[in-house]
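Form predicted on its own, single chain, as structure tokens, below.
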């Protein structure tokens, strides 16, 4: 039995036992599905996207109050008198989703720009604001609420009781989980996963991280509003009580306990918390001889236990245990992949990247002063200098991470000052990082496929409905080709974090190549590599140079640099002190004194000879 079979078994079992459950049990299970829908949105927002929110209950309220107002307001009664009464709740759903979209987009555009503790504090602020707003608007019933909501009806079939409405709620939940799973298993899903710990890296791969953060925020809000709409028509009554901050915390608690990075963790967390709450509300007052919300104390202790013992939630632990008895899901044979659209590389010798008079100041500190440098197609240009020379600052400016205080950066003839790093990627610049930036829990294949983000076009809706499968097959095939090209084919399906540091650097190179760059910027690519791996890296870079790529290398390994580079630029204290061929640089007195450690001539290293068949991923 596989996990997919187990999921189908769960669905079938729930359908079989549903008619035999008591009315109370069907109501409880309906609530579990409603809570799971909100928690699934929090899994996307918090567990995958890395944005903590305590305010999801407010979006549940928008969905509930929108349909309550449409269905009961005298104002809408006259306007919708010509419509069949059964259609009115569905107009309430449309209004709820539209209002939620507008509110969430407006709040998200402000909220997700924050980081650290400011983000969750902001969600608490607007969550409380919306809660008190609903309780003080008299046309929404104030604290008393709105009664008399009609039951949902589908093709004349009434869904008045939880026994009938419950299966519909579970069907909506399962469809939402299916769509979210499809989204995460796509080009856009890889971009979402990069939001949590790799925004700088994702931007350099062409991902508009600010826009993706807002979209994830809105998606989670829409799922909450959908839950609120279903809740309102199941209860047939709405008031502010179920939408307070304590409920928002409870939703987040469900996602964290179940497993904030796993969609089925939302269902597990909602089930555990709902059932535990029902039992504790009965038993604790009897044991303590007093009434009160004592279950909140138990939930707090449970949160401490889970965070200490199961930092990733309960679902990952259960999933690891299940591998002992469950077989892996059988993957379908991949579709026949086609070559991705590609851009023609500039002819050899054409100017790709130009820094003219670039200066960077941090207050009174001048990190780079009037730096001039060029990179042409079909050459390897090395940038060297002692620690603190300003290499990293300059590297960031010519890749869009930082903006120069003075001077101009041009990429393939286009002025780039003030433009984000994703625009550099779109024009044909690929890069690696001094400190490896990978999604460690994802496979090497997925990490490299992220580099080809701009070579795909399918959006979120197409991904959710699996209309992107042909393009996804092409992207993964391109990623696998680059992995094999870099000699790491046998590691393609392993988690990136399981590889040695040197191999992780090679994964970064493969990821950059997946974007088909014209200019490739490598920040200390040989760090952590063994001797044979350095030889194979030199062989790969020489091949890329022959294909017409322009390669800028920041490196401390002088033997590696001098045997590979066509030109070398030397920085000291943020200024260029020399530029020329490796032979000229090795004999430059100023360079010898400032960087190579003295005025004696340094012999030119012997050329690197690479044994036939040596691969970049070799470990010995």
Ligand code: ADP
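Keep in mind that what you see is a predicted model, and the values were worked out from it rather than measured. Residue numbers count along the first chain shown, from 1.
There is another form of the same protein, the form predicted in complex with this ligand; it is not shown, and what comes next is about it.
Of 484-492, 174-182, 385-393, 96-104, which is the one stretch near this ligand in the model of the complex, taking non-hydrogen atoms within 4.5 angstroms as near? It is 385-393 that comes within 4.5 Å of the partner.
Of 541, 122, 130, 367, which residue is found within 4.5 angstroms of this ligand in the model of the complex when only non-hydrogen atoms are counted? It is 367.
Name the residue from 362, 321, 118, 157 that puts a heavy atom within 4.5 Å of this ligand in the model of the complex. The option sitting close enough to the partner is 362.
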